[in-house]
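First comes one chain, alone, set out as structure tokens in the form predicted alone.
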């Protein structure tokens, strides 16, 4: 499939040159002494916390980042390649609230987080278990990361996202992953079973929590998304595997809030993908995200806009691909299912088509001839299952049939669907020894 490109080659060059100029003349603040010391030792110009980057030094470091690498899952059939012509969908991340049609909006719990792990595991479109898909507010803050990692490792056999709030969460994630895979931390670097998102403090700064986690994961050889979220109108006018991660959008100027459902979000996604190709590293952008407070028409409109743009523009890592409402503030059970449907559609589009003899079917056209029909032809029976996308929620019958079944809205169908999935969930096999060691690890560190 050809990739959509927003900018001309000349635009890309100008953006690149402007970026280098800002890094060299304005610099970036690093609020973590060990990080500043690394830059000093490497010969960068440093003034207090501010580091200045020469164009030569920037491009030398960019050249070290791999253009493609593989995250190894507990189940090898679910390994995920980051880069190339591949795309990975990852569900919601970060919301402190959840909602569903039965109980409304409420603070999320560990049970909610575990439910989203199970829904992601059951999905045919999600590729990586999300990070903090729903913050477990019923768990003491200091042990939340360990409980989320345990649930991600136990209830799904996909690659997962590691803890990102400081060096302690990063170290904990690495230690638990080594237990899961029954290997040393040095051996874990070859497996790369996880990826983590570490964010800038826009504009042009990093804080100590993010930097300490970045350095911890880098030492362990774990891949990372180094994410920038600038808000137009408000905050913006190393050999380690990385993802060029952009999640910037625009401010809703009337309210002074971030608007992730704005078309500028989709523009930034396309721009991020194009700039990442210029630098030769994988990209992150997009997601089925919305400013809507409900899984309604606005949510569907904004989510498809952003998810499809990520798919068409060549983004490799699409975080927030399922469940997000309220601009990252809430995770919705119904919207998770609706977005999973969007993701299935987008992956079908991404798959593309080929003009080979089987697809052109000239002999079949000759057999059917003018005025014939293809519905009962053997060629249709042989190809329709793999040629057409099969929806998760069937709402394709005529009005009379739909009305006879109760005339349910798609939100109500999604409500029933997520319950069916959780009811039918079966835990993937894990060696008893690994499960026991993970439980001992948490018990020793925090008690039960």
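Numbering follows the first chain given and starts at 1. Since the structure is predicted, the reported quantities are computational estimates derived from the model, not experimental observations.
Note that the form predicted in complex with another copy of the chain isn't included here; everything after this is about it.
- Of the candidate stretches 251-259, 164-172, 76-84, 116-124, only 251-259 has residues whose heavy atoms lie within 4.5 Å of another copy of the chain in the model of the complex.
- Shown alone here, residue 342 lies within 4.5 Å of another copy of the chain in the model of the complex, counting heavy atoms only.
- With a 4.5 Å cutoff on heavy atoms, residue 424 does not count as touching another copy of the chain in the model of the complex; it lies far away.
- Taking the partner from elsewhere, residue 338 is found to have a heavy atom lying within 4.5 Å of another copy of the chain in the model of the complex.
- Remark: residue 189 does not count among the residues lining another copy of the chain in the model of the complex, judged by a heavy atom distance of 4.5 Å or less.
- Contact with another copy of the chain in the model of the complex, defined as a heavy atom within 4.5 Å, holds for exactly one of 110, 215, 146, 204, namely 204.
- Note on the partner interface in the model of the complex: the residue among 33, 26, 46, 42 having a heavy atom within 4.5 angstroms of another copy of the chain is 26.
- In the model of the complex, another copy of the chain lies within 4.5 angstroms of at least one heavy atom of each of the following residues of 296-319: 296, 297, 298, 300, 301, 302, 304, 305, 308, 309, 312, in sequence order.
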